[in-house]
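This document opens with one chain alone, in structure tokens, the form predicted alone.
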Amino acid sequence: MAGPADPLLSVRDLYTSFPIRSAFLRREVGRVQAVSGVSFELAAGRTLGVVGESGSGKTTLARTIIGLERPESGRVVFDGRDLPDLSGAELRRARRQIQMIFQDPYAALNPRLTVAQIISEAWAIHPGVVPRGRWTAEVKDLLARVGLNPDHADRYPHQFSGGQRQRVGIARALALRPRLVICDEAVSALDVSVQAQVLNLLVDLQADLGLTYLFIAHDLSVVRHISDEVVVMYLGKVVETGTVAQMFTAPVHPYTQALLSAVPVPRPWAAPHRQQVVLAGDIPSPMSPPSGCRFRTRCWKAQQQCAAAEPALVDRLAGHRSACHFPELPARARTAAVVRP
């Protein structure tokens, strides 16, 4: 068991890859490196936001942590126990402590089961969490906690709206009383007004139940609202980490700067000097990532050193780390980026 000063979740040098097979004889001809050397720590009761474009490895990272994917190497230590080394009943007990809220509330719920059956299914898999005679009352308590009518427990998923379905998904995640909840793009499929309601619900649940969140998103404004610390990923690697204040007031890595420049502001006329960085091209294929710095093919600061050597994730100031050979704030964007006033 982890001590009071130890992080609840510690990820160390994690690698997860998938085989590429030929059409003939299905032989392995290469591998896709989806997660490449990712490391971070998450303290109990805190929220860590993981951001990046589609294809940056965020979901694969989450699936590896929860055990849906097997890591190629590295460590995932939860509450003092290395999860990839666990098996049998010990792994089952550890997994009960980690639950996941999925991105698509329409696909994440079994359409053949009622809401009560969806939530209570977890107790059938993990007997002893809630006594069988308490299932009905516990389902109603969970529905009320997430803002749904307890009398709707016998309804099916298609009878709820998208936001209500996601609340059902949250109730299911809370059924086993976990310590860590992984939110994989939990609000990206919802309308903006519904997003705010679900985010506020997550914040309230964290305060009431002492939950720890790993919050995956591509919307930095959402991450800023809910997170304490932020990890920025690009093509399977961590390029910058820091507190929310550090990342949003003084981003160091060019990729983080580009992501922040794309965040809409409510009063753009009040920030006449704000510049928008438009990155050229698409994210490269993880089957053949660029040499050196993986972001160099889209970076306006790229030089020969960026292709020759991979930058290390270096501590710049008070835990604010970035992986860039030229971390100074750029006065203007050049080459691979177009800057719009």
Partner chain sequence: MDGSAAGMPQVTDDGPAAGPDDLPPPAGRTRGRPGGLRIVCSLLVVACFVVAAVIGPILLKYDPVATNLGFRLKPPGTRLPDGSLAVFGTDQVGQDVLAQMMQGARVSITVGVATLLLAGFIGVTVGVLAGYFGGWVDAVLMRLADIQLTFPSILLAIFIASILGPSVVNLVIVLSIANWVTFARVTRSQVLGIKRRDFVDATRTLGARTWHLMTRTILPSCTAPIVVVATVVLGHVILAEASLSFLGLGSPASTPSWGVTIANGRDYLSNAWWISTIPGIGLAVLVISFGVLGDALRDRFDPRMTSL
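Residue numbers count along the first chain shown, from 1. This is a predicted model, so every value here is computed, not measured.
Beyond the structure shown, there is the form predicted together with the partner chain, which is absent from this document and is the topic of what follows.
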> in the predicted complex, does each residue in the set P251, P284 and Q305 place a non-hydrogen atom within 4.5 angstroms of the partner chain?
Replying inline: no
>> Considering non-hydrogen atoms and a 4.5 Å limit, which listed residue (L86, L209, V129, A122) is close to the partner chain in the predicted complex?
In response: A122
> Does G147 reach the partner chain in the predicted complex if we count a contact as any heavy atom within 4.5 Å?
Replying inline: yes
> Hey, in the predicted complex, is K237 touching the partner chain, heavy atoms inside 4.5 Å?
Replying inline: no
>> Under a 4.5 Å heavy atom criterion, is P111 part of the interface with the partner chain in the predicted complex?
In response: yes
>> I'd like to know if A107 sits close to the partner chain in the predicted complex, meaning any non-hydrogen atom pair within 4.5 angstroms.
In response: yes
> Mind listing which residues of 135 to 162 have a heavy atom within 4.5 Å of the partner chain in the predicted complex?
Replying inline: G147, N149, H152, R155, H158, Q159, F160, S161
